[in-house]
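Only one chain is included here, represented as structure tokens and corresponding to the form predicted alone.
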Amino acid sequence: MAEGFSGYAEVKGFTFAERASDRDPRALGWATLFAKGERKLGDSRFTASARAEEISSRERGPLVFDPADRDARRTPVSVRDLWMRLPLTSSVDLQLGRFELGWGKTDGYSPADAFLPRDLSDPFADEKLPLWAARLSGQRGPLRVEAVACPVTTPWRLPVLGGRNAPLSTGLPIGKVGIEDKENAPPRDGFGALRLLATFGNWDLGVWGRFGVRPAPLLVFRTDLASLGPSGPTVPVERRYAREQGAGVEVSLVAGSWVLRGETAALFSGDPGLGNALVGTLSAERGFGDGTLLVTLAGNAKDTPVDATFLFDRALLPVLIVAWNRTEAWGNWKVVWTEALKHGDGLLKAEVGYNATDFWSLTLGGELPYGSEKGPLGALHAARRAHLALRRSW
């Protein structure tokens, strides 16, 4: 682990092709200041980082003390890392504090990450939220074990419902009806998880199990509490959180210049608004120079008891994701194509970064959702945009 102080300051501007309503601006600005410090003391390691933001949109909330990111909106200041790693023995480590967790093998979509919170304030960024947790990890020969205890739920952060960033459109009870986004308090308790891994030659095998509160909320449209105002009817939308248990298997194989991966997970819930799921993913990855091409196919073999759009993490399924990125001498570029196969909608993302110096970089990109507005990506048609960012790193 690198030691020292690092970070960046970035200003980013967005311009949109259209407006979903009078409340959506044609353009918005986003400024970010991120700082991170890392230190090693003896065999122990410490990491702390924080982020300050200013966003000219309704996605940003007020400045409040929200150390677990449980508020419905992004607070201007947030703690991203605050953890220490202690070696208990020569092969067992304990990590305590706030950190990001990711178990998924098939980048782009993984059922192993279903219990982890995400921030969809910017639906095209799809940012992970860190957790307050304890993680015990150990290794003996080819076998590895990891146990995680997360005592508090960090819920998924959703876009402003009824705005251009919310993946809800035709066919749902909104249309010309206004949405009142209720901020229901999520439950306190989090989740526990255990994972076992083993490597045999070119094969990597794993099994895992998890239980606890599902961080993605279930939306409840309270038509019984609808009201009629000067601009028309308004329906309150509440958020409800269900418990869910899951078990999964993952397999990876290095085959020549390709890495082939497969994951499957059985997810169980007694909540009638969530039900069970059998999610599977297949992916193929190959390096091209200083870059990677990744193709992922994911699907759910079970029907959802409600419109999958309300479940968010299963709204895209079945889906095909093709991502290609590469680092060049002058900078980097990436192209991502996501095709949601149920409604024929999709998203095309492209971005080019130019390194003016070792510290300054300029990035130009765009996101183009397309297709049926009944799908979770096509419903974002009013969020089609281009962005330009200037970053100073240190």
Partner chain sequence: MTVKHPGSRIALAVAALSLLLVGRADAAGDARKLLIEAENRHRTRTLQYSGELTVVNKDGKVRKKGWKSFREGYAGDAKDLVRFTDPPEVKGVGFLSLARPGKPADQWLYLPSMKRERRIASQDRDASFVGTDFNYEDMEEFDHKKYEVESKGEQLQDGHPCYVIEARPDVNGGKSVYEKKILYLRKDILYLVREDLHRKGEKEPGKRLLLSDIRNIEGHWVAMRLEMTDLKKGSRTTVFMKEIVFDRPQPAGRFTLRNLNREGGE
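Positions refer to the first chain, counted from 1. Nothing here was measured: the structure is a model prediction, and the numbers come from that model.
Same protein, other form: the form predicted together with its partner chain, not shown, and the subject of what follows.
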| query | finding |
| --- | --- |
| Interface stretch in the model of the complex with its partner chain - options 183-191, 78-86, 229-237, 211-219, non-hydrogen atom within 4.5 Å | 78-86 |
| Its partner chain contact at Ser137 in the model of the complex, heavy atom, 4.5 Å | yes |
| Partner contact for Asp303 in the model of the complex: its partner chain, 4.5 angstroms, heavy atom | no |
| Asp271 within 4.5 Å of its partner chain in the model of the complex, heavy atoms | no |
| Heavy atom of Thr199 within 4.5 Å of its partner chain in the model of the complex | yes |
| Full three-residue contact with its partner chain in the model of the complex, heavy atom 4.5 Å, for Asp24, Ser56 and Asn276 | no |
| Listed residue that, although its partner chain is not shown, lies within 4.5 Å of it in the model of the complex (heavy atoms), from Val207, Leu225, Ala125, Val254 | Val254 |
